[in-house]
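Shown next as structure tokens: one chain only, the form predicted alone.
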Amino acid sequence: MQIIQNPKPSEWAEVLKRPTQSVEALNTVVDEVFTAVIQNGDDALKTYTKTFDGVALDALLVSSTEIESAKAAVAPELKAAIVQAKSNIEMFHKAQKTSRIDVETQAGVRCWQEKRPIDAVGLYIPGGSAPLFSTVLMLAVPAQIAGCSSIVLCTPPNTAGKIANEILYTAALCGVTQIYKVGGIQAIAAMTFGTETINRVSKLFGPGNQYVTAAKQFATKYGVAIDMPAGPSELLVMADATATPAFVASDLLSQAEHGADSQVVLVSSCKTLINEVSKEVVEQTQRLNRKSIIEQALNNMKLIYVSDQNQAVDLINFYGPEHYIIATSDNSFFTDRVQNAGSVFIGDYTPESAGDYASGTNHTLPTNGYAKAYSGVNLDSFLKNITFQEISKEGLKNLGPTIELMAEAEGLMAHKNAVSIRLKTLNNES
């Protein structure tokens, strides 16, 4: 593993380059699938499911019988773990509720803001080799708290045409009843346009591979909002000589196992730690069940020695990691200077896995540098802020001349007239 030493700011873009294709490079495939779904609806979904997932389906909707069977199949101890995680996630997201903002900006001019749920939302749950039932919690729980009236969940089936029992159990636990056996680009297209079976949604949520990410961004061209660009997983660890090498290595590997296109980065002020972490990564990899995937992801691993703390802070903010672990002798120095990160994990005993599953924070986070502009999923992601205003007669008398002057200066005389005609009526009354 190569150690990059004190890279210059001019080199950061190349050093920290992510192993992802550009969205533009994927758009031809996305456009083809979207067009097929528009034209052929459910038939297109079944065709692509057979092509990409290797299974021919008679029905896309998961039946109530399948859900009940899944509930019975999940082990009691796992059910208890999921319930506990759900409780923590609910507690953290319920705490994000805010009250109405109501302000009288000047005498007779009242403005207020209220939140309303997005009516129809679509949740994409990755399946494949690691069905992410934890993502069901992360998306369905805040959607329920927000009060979304329609929650559509799409996830790819296995080669037997089944959805993982854990996904179905968790979805049922969270009150989701519209569950469909469809994944990939075609799932995003189905929720974007609607088909004979699947309802169109107003906003799409959920992580996925590069094709799903590209499809979500493509969906915005058709009036559907998305939570964020959330593609292959990534983790950056800032650690110094006081960190525990085995802990750091375990965190790097926890993200590397997500997929071959995942990226993990270690930034450290201690060359000895970097060497020890490197050895731990090799040793721990041998004991893990997803060894082949991890080894591919480790080709994208970056080990960066930075001797100056301030330079390290700037480099990390430049990267804008999805997950950011701080394990140093002065954690507050780094936490106080975080500008760009999806979610931050502080100290030796805060593994990134806690946020992925059960601490309460959301694990659907911006990747590929989008943490510079996007937040992770939270309660507000499922809500709209609507502003209201009400002006009394006296309020318009006071504010009207200001509006008239500004409208006239912009040459928008109809705007001015909408005020002037009211002021004339009020003046005639007095």
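For every residue, the number given is its place in the sequence shown, counted from 1. Keep in mind it's a predicted model, so treat the numbers as computed, not measured.
Here the subject shifts to the form predicted together with a further copy of the same chain, a form of this protein not shown in this document.
> Given a 4.5 Å cut-off on heavy atoms, tell me which of 182-190, 223-231, 298-306, 266-274 is the interface stretch with a further copy of the same chain in the model of the complex.
Going through the listed ranges, the match is 223-231.
> Hey, in the model of the complex, does Glu24 get a heavy atom within 4.5 angstroms of a further copy of the same chain?
Because a heavy atom of Glu24 falls inside 4.5 Å of a further copy of the same chain in the model of the complex, the answer is yes.
> Is Lys17 a contact residue for a further copy of the same chain in the model of the complex, using a 4.5 Å heavy atom cut-off?
No - in the model of the complex, heavy atoms of Lys17 and a further copy of the same chain never come within 4.5 Å of each other.
> Does Thr387 reach a further copy of the same chain in the model of the complex if we count a contact as any heavy atom within 4.5 Å?
Contact with a further copy of the same chain, yes.
> According to a 4.5 angstroms non-hydrogen atom cut-off, is Phe92 in contact with a further copy of the same chain in the model of the complex?
Taking the distances in the model of the complex, the answer for Phe92 is yes, it comes within 4.5 Å of a further copy of the same chain.
> Asn88, Gln144, Gln178, Asn209: which sits within 4.5 Å of a further copy of the same chain in the model of the complex by any heavy atom?
After the contact test, the surviving option is Asn88.
> What is the one choice in Ile403, Val55, Leu61, Ile38 with a heavy atom within 4.5 Å of a further copy of the same chain in the model of the complex?
Spelling it out, the residue with a heavy atom inside the cut-off is Ile403.
> In the model of the complex, do Gln96, Ser202 and Ala407 all put a heavy atom within 4.5 Å of a further copy of the same chain?
Looking in the model of the complex, the three residues Gln96, Ser202 and Ala407 all sit within 4.5 Å of a further copy of the same chain (heavy atoms).
> Taking a further copy of the same chain in the model of the complex, which residues along 256-285 bring a heavy atom to within 4.5 Å of it?
Going through 256-285 in order - heavy atoms within 4.5 Å of a further copy of the same chain in the model of the complex - the hits are Glu257, His258, Gln284.
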